[in-house]
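Take a look at this one chain, the form predicted alone, written out in structure tokens.
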Amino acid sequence: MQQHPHSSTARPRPATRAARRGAGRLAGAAAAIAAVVGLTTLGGPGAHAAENPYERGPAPTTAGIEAARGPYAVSETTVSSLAVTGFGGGAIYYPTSTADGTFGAVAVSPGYTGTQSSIAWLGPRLASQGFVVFTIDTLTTVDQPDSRGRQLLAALDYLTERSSVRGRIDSSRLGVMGHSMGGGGSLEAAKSRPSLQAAVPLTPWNLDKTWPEISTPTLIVGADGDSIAPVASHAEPFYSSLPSSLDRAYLELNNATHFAPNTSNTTIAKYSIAWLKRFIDNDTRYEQFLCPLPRPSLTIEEYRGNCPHTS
């Protein structure tokens, strides 16, 4: 796999002590504030704002979040179905360097008749922005959403408890994604495990149309040309049924089909990254991409959501 350069930046200088012995506490407080400001203005992996230890990577820009690769070099390891129980194995993508400590993690399920290869592009794309990403195979290619939801949770448990990269993961910062029935599965997973920090269903399909039980911040991505899981009977009612008090959003892709998530898609990547950063990493630097609400464009048919976010 191609490696990508790990960007770096100068470390902050220690806050300057008061020049004279008799300086009072006010000078010390000012120095402390200056140190925090210095940390928050750094721009590369390894720079974490003191008030949020989960921040990873440089201050985001539109170009950076839309890029095919982010600031982290990425490594990959495969997991055989014979080595796991409860799901079908898959591929784990993770930042190569351990300099920044642990990362949040995301499990991603394919759709009906799909394998992990159908959503594999999300692995390095998300991992290069500072996540451990597990694109999974399901037990069979025809598993229904409730089964895929359980498999996503089994994959997260394997990732944090048994995998070779478990030491790189903060097990309190986890999310789920999925395409089609895998997207319906990500709703099932969020319903079953409220501790999840983020869910991103992609052109989701599910016979259950209402999700008032979900308390996980959820971004639902639909497609205006979806004839398999039409937004009017899937993505839109899913979104509308989420609690109005929840951090939630609905992104409808313009001129796109049900299979938009199966190939590299900058709009899907951009808003998925922003959502995962904002809610898995509590990184408010990414709020700028979500609030104010994105406007219709060549790639966005519609975007709904609550702003500002509450969590």
Ligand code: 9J3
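Residue indices: 1-based, along the sequence shown. Just so it is clear, the structure is predicted and the values come from calculations on it, not from any experiment.
The form predicted together with 4-ethoxy-4-oxobutanoic acid (9J3) is left out here; the points below concern that form.
The partner is absent here, but in the model of the complex a heavy atom of 205, alone among 87, 205, 94, 211, sits within 4.5 Å of 4-ethoxy-4-oxobutanoic acid (9J3).
Interface residue among 219, 159, 181, 190, judged by heavy atoms within 4.5 Å of 4-ethoxy-4-oxobutanoic acid (9J3) in the model of the complex: 181. The candidate spot formed by 112, 228 and 258 lies fully in contact with 4-ethoxy-4-oxobutanoic acid (9J3) in the model of the complex, as each residue has a heavy atom within 4.5 Å of it. The stretch in contact with 4-ethoxy-4-oxobutanoic acid (9J3) in the model of the complex, judged by heavy atoms within 4.5 Å, is 104-112, chosen from 104-112, 71-79, 236-244, 119-127.
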